[in-house]
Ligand SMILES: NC(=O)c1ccc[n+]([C@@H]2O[C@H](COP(=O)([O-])OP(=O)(O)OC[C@H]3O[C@@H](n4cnc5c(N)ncnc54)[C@H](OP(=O)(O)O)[C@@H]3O)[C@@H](O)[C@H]2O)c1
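A single chain, nothing else alongside it, follows as structure tokens in the form predicted on its own.
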């Protein structure tokens, strides 16, 4: 399938080598707002065409799927452009800045009969099923507490502290913690409590989120851009607990009993990078005529985005692109 990449920044540099290694993918076109930048990217990664505008990519009749990899604040506009030209889209996380935008994309894609999905890569990975199967086996008993953290010392990256680009820890990193909790604890949340430390630019630099479930379970999530954390996810039960190394790209799952004795350890299957799974599913869905991904249906994307909207309301964080007239 001929793939077009819209945006040639940091995440595209990471994803492109994976696409080049996939048999089911043809690296067809790359687009930037700078033609020299698009040409340099295309040459580095083996794309056959380069465009100096996103419109040209969307208009290319041979492109069969567009991967949107621009800053968060541009996702909605970029996806709507692609969809308006009849192009299916796989959009980097977070799908949109807020849930209202996500619903509009969902409605527009459905009206045009086009595939649209969020590239939340952990949703597509084999590790997700491995964790689910381990929990379903009953080896740790009844799960009651989930913890997850994801922090990197990347505060010097302008994109992450710029309100105009929907910066901050929540949309960039918190989306992983919230998805980890939703994948393994589901819905049924009764209350959400949080604390936040804001940057000088007015976006969230670090937060702690506690999700309290109606059945008595609890999830505690921590994310930030000022320091690096161990990135672990843990799920505690009455007979033991499991530890996931790196919720951002799980490497292994270890299961312990209540005396901290290791019972089992599972390594994830060998992978190209981990990005391949979302593209394989997108290609499969499009070929089968499906409009949404089973691993990351748009209702799930919207549910997580609604959680982030609610958290930002608690913090009083509104991005400039959400203000009237912008």
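Numbering follows the first chain given and starts at 1. Values in this document were obtained by computation on a predicted structure and should not be read as measured data.
The same protein has a further form, the form predicted together with the named molecule, not shown here; the description that follows concerns it.
Enquirer: Between 74, 211, 225, 81, only one gets a heavy atom within 4.5 angstroms of the named molecule in the predicted bound form; which residue is that?
Expert: So the residue touching the named molecule in the predicted bound form, by this definition, is 74.
Enquirer: Would you mind picking the one in 296, 69, 57, 282 that has a heavy atom within 4.5 Å of the named molecule in the predicted bound form?
Expert: Contact residue from the list: 69.
Enquirer: Would you say all of 123, 179 and 184 touch the named molecule in the predicted bound form, counting a heavy atom within 4.5 Å as a touch?
Expert: The answer is no; none of 123, 179 and 184 reaches the named molecule.
Enquirer: So which stretch, 165-173, 104-112, 82-90, 127-135, is the one near the named molecule in the predicted bound form (non-hydrogen atoms, 4.5 Å)?
Expert: Stretch 165-173 is the one.
Enquirer: For residue 301, is any heavy atom within 4.5 Å of the named molecule in the predicted bound form, or not?
Expert: No - in the predicted bound form, heavy atoms of residue 301 and the named molecule never come within 4.5 Å of each other.
Enquirer: In the predicted bound form, does residue 44 come within 4.5 Å of the named molecule, counting heavy atoms only?
Expert: No, residue 44 stays farther than 4.5 Å from the named molecule in the predicted bound form.
Enquirer: Wondering, does residue 239 line up within 4.5 Å of the named molecule in the predicted bound form on heavy atoms?
Expert: Although the named molecule is absent here, residue 239 would stay clear of it in the predicted bound form, with no heavy atoms inside 4.5 Å.
Enquirer: Although the named molecule is absent from this view, report whether residue 4 comes within 4.5 Å of it in the predicted bound form, heavy atoms only.
Expert: Residue 4: no contact with the named molecule in the predicted bound form.
Enquirer: If you apply a 4.5 angstroms heavy atom cut-off, which residues in 275-308 are near the named molecule in the predicted bound form?
Expert: Heavy-atom contacts to the named molecule in the predicted bound form: only 275.
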